[in-house]
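Given as structure tokens, the chain that follows is alone and in the form predicted alone.
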Amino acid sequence: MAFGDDPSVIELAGHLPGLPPDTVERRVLTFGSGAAALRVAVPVLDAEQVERVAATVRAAARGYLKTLPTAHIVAVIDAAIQRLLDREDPWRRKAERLLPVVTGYDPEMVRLGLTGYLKTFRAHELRRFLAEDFANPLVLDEFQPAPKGGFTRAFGPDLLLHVWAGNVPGLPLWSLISGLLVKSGTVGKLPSAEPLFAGWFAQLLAEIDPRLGECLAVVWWKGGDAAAERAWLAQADTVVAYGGNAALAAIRDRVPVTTRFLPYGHKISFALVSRAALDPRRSGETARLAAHDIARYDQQGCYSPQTLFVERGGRLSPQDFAAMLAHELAVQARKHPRRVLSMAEAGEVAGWRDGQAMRGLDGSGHLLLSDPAGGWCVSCIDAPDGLAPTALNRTISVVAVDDLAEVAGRVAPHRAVLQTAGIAAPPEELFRLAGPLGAAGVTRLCALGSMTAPEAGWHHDGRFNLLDLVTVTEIERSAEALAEGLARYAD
């Protein structure tokens, strides 16, 4: 439907440099219900408008973004982040007011989550991003000496297309900011589940630096719309896409062969708890940290744990720990209630819980603890078991093991989908476990309690955030030597 047909729409999504607002058709997405419902108007562009926006972004990037020192780009992004960290700023107030309605998450969880996430993109953290991928970040600004001789410079694509997915607030910022740091004209496709934050960020950047605001666009098309997808894929030099394997395979089939394609599919994560973390002084805090990772955004991120491997032989048994974890999840449910689930999600949770209950009938000592209101569920398995997905939405398997060294072998069959391992273990154990876990396919090891908050510069799925986006131009020593012979001072 056209936006003008529905005067109750209260929020426009996206950022469209080069298009007058009154020429854009919009479709209305409704979040929530009743008087609290929020209607969001997302842009629906025709083929001519796609070309116009792409041309505007590409030209602006060539004429402005690519001429800027990286330090200036960092400063503009930092200014936007500082605004969003200020709870009195209008953009921050809007985010705190509307994102809980759009995502269904508890408002306080959104507030705390936004603050922790946005801190990752302050200026000093962005410098970590750059230093993590480039030994000399000045290679993005001008030719720099290469260790092997000659000179090198890195160039981002003229037009970088991001296809975002998920309903975790602000998640697209990671790739959007990465594109800006390598000086790429950027177009991002909004996820229908959270179609606001990326557009707000683009508009805020345009307030701070209007010319930079013309170097990026935030658009939308309905998932599965092959024609709209092909129109944008035809414009891009590089495509970064997030989503399920089927959706990524469909995009890959439509990407032109000359276009770089960087897919990020669904992953699964888990945690390990050493017997050293199960003494009476530490076990309560360990359970609290695990519950935080499980409850935050209801396990919707790939880095959220679905299985906890707990070592036997501590002062508390794995079953005791499961009971403590259940208590902490109950605390989390009171502080940050789980969002209202869709019928499909509720069915998956009920089915998983019933399946776990059936396991307890075999006399294996299986323990099932759940919230009578259905807000969380802990399944404790005292038999050899590996890594298996749960129903998410605060459902977790606690698997007892004799030695955490067993875990790498148990998860290795899932190498292609492994991502994060949260660990609560002493230093010598941490490093003893890290090698086998890495060899099994784990790409990130972090503290239990930090699984849902990757640090600045992390290598997403074991890859480089910035290096994967650029091409490198080399001036070889032979060219330099010949140039010396042709200099005016050579005669």
Partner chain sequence: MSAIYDRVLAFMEADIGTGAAADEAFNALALAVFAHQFEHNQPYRRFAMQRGRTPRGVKSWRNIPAVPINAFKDLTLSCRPAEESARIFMTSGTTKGGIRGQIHHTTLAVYDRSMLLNFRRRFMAEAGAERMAMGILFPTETAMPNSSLAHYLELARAECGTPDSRHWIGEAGIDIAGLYDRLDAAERSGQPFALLGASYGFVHLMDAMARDGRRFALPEGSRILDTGGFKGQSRELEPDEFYGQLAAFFGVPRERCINMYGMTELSTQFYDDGNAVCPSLKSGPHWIRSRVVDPLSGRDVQAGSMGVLVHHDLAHVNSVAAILTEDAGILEEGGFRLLGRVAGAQAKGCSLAVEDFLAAARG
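Positions refer to the first chain, counted from 1. Quick caveat: nothing in here was measured; it's all calculated off a predicted structure.
Just so it is clear, the following notes concern the form predicted in complex with its partner chain, a form of the same protein that is not shown.
- The partner is absent here; in the model of the complex, the one residue of E348, D237, D382, E229 having a heavy atom within 4.5 Å of its partner chain is E348.
- V417 is the sole member of A323, L204, L118, V417 with a non-hydrogen atom lying within 4.5 angstroms of its partner chain in the model of the complex.
- In the model of the complex, every residue of the candidate spot (L171, G244 and A357) has a heavy atom lying within 4.5 Å of its partner chain.
- With the partner left out here, its partner chain still marks one of 261-269, 398-406, 146-154, 179-187 in the model of the complex; by a 4.5 Å heavy atom cut-off that stretch is 261-269.
- Interface membership of R353, defined by any non-hydrogen atom within 4.5 Å of its partner chain in the model of the complex, is confirmed.
- When contacts are judged by a 4.5 Å heavy atom cut-off, P107 does not count as touching its partner chain in the model of the complex.
- Although the partner is absent here, Q319 lies well away from its partner chain in the model of the complex, with no heavy atom inside 4.5 Å.
- Mapping the unseen interface onto this chain, R339 counts among the residues with a heavy atom inside 4.5 Å of its partner chain in the model of the complex.
- Contacts between stretch 383-408 and its partner chain, counted in the model of the complex as any heavy atom lying within 4.5 Å, involve L387, A388, P389, T390, L392, listed in sequence order.
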